[in-house]
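The chain below stands alone and is given in structure tokens; this is the form predicted on its own.
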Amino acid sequence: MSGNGDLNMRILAGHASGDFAGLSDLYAEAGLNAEANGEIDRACFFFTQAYVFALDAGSTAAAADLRAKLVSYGREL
């Protein structure tokens, strides 16, 4: 997938800077990319990371959307 290296670098930079909201967005992007490729287990891993960082950032709307996505895949009750 093109741009995957760039996304990885942006994720690493987000970890280095402690940008929880940004990390949530980046992991959600990675999840959507994996989902589009039919890699559901991988997508759910990334969505879980995005969900945790959304909670850490206090982004309740993003967390609710991510939780709903995880629920739709049977990964969260």
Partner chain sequence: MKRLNQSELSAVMAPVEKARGLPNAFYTDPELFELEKKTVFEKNWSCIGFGKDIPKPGDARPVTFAGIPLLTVRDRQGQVRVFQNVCRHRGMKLIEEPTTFKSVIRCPYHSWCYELDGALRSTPHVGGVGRNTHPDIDRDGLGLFEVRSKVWMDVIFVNISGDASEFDDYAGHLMERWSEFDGKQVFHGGPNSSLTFEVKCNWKLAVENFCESYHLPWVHPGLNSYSKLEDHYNIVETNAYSGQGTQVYNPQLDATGRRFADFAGLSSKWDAAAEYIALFPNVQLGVHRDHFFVIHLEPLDVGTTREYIEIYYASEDMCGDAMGDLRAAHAAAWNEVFAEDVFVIEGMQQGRHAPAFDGGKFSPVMDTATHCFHHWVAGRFETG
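Quick caveat, the model's predicted, so the values are computed rather than measured. Residue numbers count along the first chain shown, from 1.
Separately, the form predicted together with its partner chain exists; it is not shown, and the next lines address it.
Undergrad: Although the partner isn't part of this model, could you tell me whether Q49 comes within 4.5 Å of its partner chain in the model of the complex, counting any heavy atom of the residue?
TA: Contact with its partner chain, yes.
Undergrad: Indicate whether L55 is a 4.5 Å heavy atom neighbour of its partner chain in the model of the complex.
TA: Heavy-atom contact with its partner chain at 4.5 Å: present for L55.
Undergrad: Under a 4.5 Å heavy atom criterion, is A34 part of the interface with its partner chain in the model of the complex?
TA: No.
Undergrad: Considering only 23-45, what residues come within 4.5 Å of its partner chain in the model of the complex, judged by heavy atoms?
TA: Contacts from 23-45: D41, C44, F45.
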